[in-house]
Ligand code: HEC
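Just the one chain here, the form predicted alone, laid out as structure tokens.
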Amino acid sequence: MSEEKGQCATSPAMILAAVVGVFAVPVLAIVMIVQLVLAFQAGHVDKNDPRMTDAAVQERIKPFGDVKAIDPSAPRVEKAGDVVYTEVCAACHGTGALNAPKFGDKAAWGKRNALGFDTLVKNAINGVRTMPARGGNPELSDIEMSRAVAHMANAGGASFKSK
């Protein structure tokens, strides 16, 4: 085979080298760029930073809500007075916030106990002065409210029986 001037012979090895070069060079360039970016990022993260602990990261990425599946046909279980007090009433009556009579303060509860159990329950259900209706929890039933009132009033010297 004679080669004319200006023409070159291409062998299968040359074609293979060209194909590998066309694909390998861009892939190699991408890998090197990714390594460079990762190196820059690693330099910006302080591993001793308390915000980077596993617990802190888990706290930041935790779900912000919970889903509860409740059977609407299930019977509602009424809460005891001490449970309602702890969950709802203790925020104000435990500390005396907004002039609420403190739990166990016989002097403060003595005046209120003199009004009678039914009046106290009515005030707790409808709200009185700065106390919102049902202590701010509209889910509470009248029975639960009467149990909570009896629990608090009895701690203040009364001997009421809840309904």
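Just so it is clear, the model here is predicted, and its values are computed rather than measured. All residue numbers are counted from 1 along the displayed sequence.
The same protein also exists as the form predicted together with the ligand; that form is not shown, yet it is the one meant from here on.
Taking a 4.5 Å heavy atom cutoff to the ligand in the model of the complex, the contact residue among 26, 43, 132, 50 is 132. Proximity to the ligand in the model of the complex, defined as a heavy atom within 4.5 Å, singles out one entry of 98, 56, 114, 33, which is 98. Contact annotation for residue 103: none of its heavy atoms lies within 4.5 Å of the ligand in the model of the complex. Contacts between stretch 124-163 and the ligand, counted in the model of the complex as any heavy atom lying within 4.5 Å, involve 124, 128, 129, 130, 131, 132, 134, 135, 140, 145, 148, 149, 152, listed in sequence order.
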